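In the form predicted alone, a lone chain appears below as structure tokens.
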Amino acid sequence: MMDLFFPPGASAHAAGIDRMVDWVHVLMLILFIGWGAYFIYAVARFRQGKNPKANYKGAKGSASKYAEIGVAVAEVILLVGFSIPLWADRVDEFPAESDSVVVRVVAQQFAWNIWYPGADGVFGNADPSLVDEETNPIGLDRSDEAAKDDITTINQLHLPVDKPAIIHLTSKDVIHSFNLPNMRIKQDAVPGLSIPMWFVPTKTTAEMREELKSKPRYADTADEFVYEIACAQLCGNSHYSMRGFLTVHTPEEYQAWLDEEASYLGGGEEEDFWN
């Protein structure tokens, strides 16, 4: 059902999120119809013409009690059967960083600064005194040995398909919210905190473009499709322009992208980031 309203899912947990939202909407629809029908019945049953004198005892019967029990049971099923397992999977079962792509994202008005650790797999130091909004927005200290091969981009996140991605979120100024609609991911970026989140992309950007060509809603623009990073928290007068993009590659394409970015740093032969 959510395919009618949500953008196509492209992460391992997207189907679980969509299924839970489907059931919530089904329950709400049943409640809407049920209470709406009861309201119409009550208006007709207790209209003034049929009840000229107020009845302070009200309606009697056990139907309302059974309805309330049914709603409570449905809510317990939603919590125990869907919400809690999904929450546990997303929060308690983080993949090992050694088996994942680890990225830091530093939000600011009005951009996403993406930071990769480089071939050594170690993030270098960042110093607020080195921040230059034009050339070094995260204040990366290139004199630090671990920082010399670090890769940074603005509004451009690149990940390989079918491999866990761990993203550490923080903010330089106000609260932002990192939102990847196709990945069913949304997490606040809070100044002074580093908040981890993770997901597994399951469709490359090229695969999603091919899939969208078969959907009438997207067919005309499928060739230009990119996964969008939106800010889901009002963060200032240019909040609307805080837009980034995610490109999901095959492992080989991702390695080629990393090698190309590393070549701009003036380094020599780079290690294989995938293995």
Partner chain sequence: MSDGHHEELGFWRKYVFSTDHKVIGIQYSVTGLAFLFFGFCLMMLMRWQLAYPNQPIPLIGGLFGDARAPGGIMLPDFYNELGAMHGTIMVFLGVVPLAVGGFGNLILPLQIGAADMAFPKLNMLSYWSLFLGGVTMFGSFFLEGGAAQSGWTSYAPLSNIAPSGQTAWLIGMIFLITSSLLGSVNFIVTTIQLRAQGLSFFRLPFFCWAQFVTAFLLLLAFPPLEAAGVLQLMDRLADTSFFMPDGLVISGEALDISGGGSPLLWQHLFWFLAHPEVYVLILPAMGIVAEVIANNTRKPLWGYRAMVYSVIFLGFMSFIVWAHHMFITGMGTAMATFFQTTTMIISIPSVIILTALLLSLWGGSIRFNTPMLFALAFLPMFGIGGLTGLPLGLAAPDIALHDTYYVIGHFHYVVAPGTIFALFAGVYYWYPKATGRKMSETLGKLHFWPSLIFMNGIFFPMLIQGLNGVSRRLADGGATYDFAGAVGPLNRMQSWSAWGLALAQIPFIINFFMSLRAGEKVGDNPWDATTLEWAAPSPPPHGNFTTEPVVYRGPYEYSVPGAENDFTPQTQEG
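Keep in mind that this is a model prediction, so the values were computed, not measured. Residue numbers count along the first chain shown, from 1.
Keep in mind the form predicted in complex with the partner chain is missing from the figure; the text below concerns it.
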property	result
Among 165-173, 116-124, 94-102, 200-208, the region lying within 4.5 Å of the partner chain in the predicted complex by heavy atom distance	165-173
Partner proximity in the predicted complex: Q233 to the partner chain, non-hydrogen atom cutoff 4.5 Å	yes
Exercise: L159 in contact with the partner chain in the predicted complex, heavy atom 4.5 Å	no
Contact flag, D188 vs the partner chain in the predicted complex, heavy atom cut 4.5 Å	yes
The partner chain contact in the predicted complex: H249, any heavy atom under 4.5 Å	no
Residues within stretch 25-41 having a non-hydrogen atom within 4.5 Å of the partner chain in the predicted complex	H25, L27, M28, L31, F32, W35, Y38, F39, Y41
